[in-house]
Each structure stands twice: as C-alpha cells, then as structure tokens.
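As structure tokens, one chain now follows by itself in the form predicted on its own.
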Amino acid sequence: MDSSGSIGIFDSGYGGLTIFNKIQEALPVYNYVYLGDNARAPYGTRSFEVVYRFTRQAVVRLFEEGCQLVILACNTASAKALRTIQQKDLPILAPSRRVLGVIRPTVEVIDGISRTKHVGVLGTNGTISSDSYSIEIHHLFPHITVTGEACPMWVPLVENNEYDSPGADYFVKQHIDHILSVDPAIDTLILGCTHYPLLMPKIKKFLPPSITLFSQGERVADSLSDYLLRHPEIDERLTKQSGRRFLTTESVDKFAETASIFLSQPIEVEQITLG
C-alpha cells in the first residue's frame, strides 16, 4: 500500500487499536497507517520528556510515511506530548499537516452526559499525574468536579490477555471502589486509556447501574469525521482507497498475535525502528 495521503494512528502499544477500530468503522474509505511503539511500551510511567521524545519520533515517522493527519490514540501521549508537538514542532516539521489527540474530543461532550457534574477518570499513572483531563474539563466546564484514579495494573492485564480472567476482578474492583469512595457523587466514569474498553464487562460488574461508563472510541471517530468536514483542505489531501498498514517497533509475530485481541481480522505487520 502507498501510504501517501494516509491518516496515521499512533499508540505506545496495542490499546490504540480500539480507537482505530471505531475510526475505520466510521470512515472506512480512508487509508490508515497504525504505528505501535510496542518495544518501548508502556508510556504510562515515563516522564514528560521521554513521552514527548518518543511521541515526536513516531509522528515524524508517520509523516515520512506520507501521513497528512496523525491521531495520538494514546491518552498518555495526548496528555504529555500533544500540545508541545502542535505548538513547537508542527510549524517547523510540517506546517500543513495536523496532529490530534483523544482527550479533547472526550472532554467536549462530558457536560452533556453527567447529571451530577461529578466525573471520574480512570487512566495510567502518566495520564492521571498530568492532570490533563481535569485541566481540559475545567477549561470548558469549570463547574464539573473531576476525580482521577490511576490503575497501573489494567494495561498489563489486557496485553497479557488476562482481562477476562478471575484474577482481574481484584484489580478492577479495587480501583472502582476507591474512586467511588473518594467521590460518591460521581455519575460518569471516563475510560482514560485506550486499553480499558476490553475491561468494560469487568468494570460494569462492580459499578452501580446508575453510573455511565464512557469509552472514547466512538467519540473520537465522530470528532474526526466532524473535523474533516470542517477542514476540506485536509480531507482533499487524504487518499481514499481503504488501505491499511500496521507498523510496530517490536516483533511482527508478537504484534500480530496480541493485535488479534483487539481486531477481528488477521493483519500483516511491518517492523520498524524509531529514534
């Protein structure tokens, strides 16, 4: 597949495939290049400087592959690197190209979902410590109370295919109970990590039915669709041949095997090096 004119989708690992799935369902005619930096995952415990450097390398590579638009389908990268890349790097690297994240589209609709105006965010250590969700939500909706909960074991549960195991119950219940004890008025929980949708059955098991569980995939897809309608100059540069490429910094066999947890179809994978 010729990648020129593609939409790039980047994640530190596999979780971004949940975003990719929803985007390709909503916008199937476009060409996509998915890049997973699996060899250096997870990003959730890394510093701002390291996450920024790794994410910038991935964006540059996707630009080199011909991508005109890149989605950071990783909450940690969106929290720690997006703004710097948009403001500092894009004007120099590629002024006509765009890099978008997954936090802003999620935040934009949260006021219409929450009734109590008390919202919880479940995420990696990096996403929660960055306070990005609180900052973005309070920028748009200062009346909303936001409580974050770092769930460091949830990503390993998913990537080791243990997300549906009995052992996962302990780690899921632990964090659900804790965040609801911190703020019992929470009526909406944001899954602030792209891995977490695979844990939704477990989370719902320990969640009161009155609480809304908000997953990002469909919202990000809707936001991208709206973005392309509002920016026809970007859309015109995108190739529409329904092509798909998958790149990984780890072994192709491991990526293909683990990606099967997230995708319903077999894929061909190419190994690359970043940095």
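What you see is a predicted model; the values in this text were computed from it and never measured. So that there is no doubt, residue numbering starts at 1 and follows the sequence shown.
What comes next is about the form predicted in complex with a small molecule, which does not appear here.
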Evaluate G36 for contact with the small molecule in the model of the complex, applying a 4.5 angstroms cut-off between non-hydrogen atoms, and reply yes or no.
no
Indicate whether the small molecule has at least one heavy atom within 4.5 Å of a heavy atom of V119 in the model of the complex.
no
Check I71 for me: does it contact the small molecule in the model of the complex (non-hydrogen atoms, 4.5 angstroms)?
no
Whether V155 contacts the small molecule in the model of the complex should be assessed with a 4.5 Å heavy atom distance threshold; does it?
yes
Could you tell me which of 73-81, 199-207, 171-179, 142-150 sits within 4.5 Å of the small molecule in the model of the complex, going by non-hydrogen atoms?
73-81
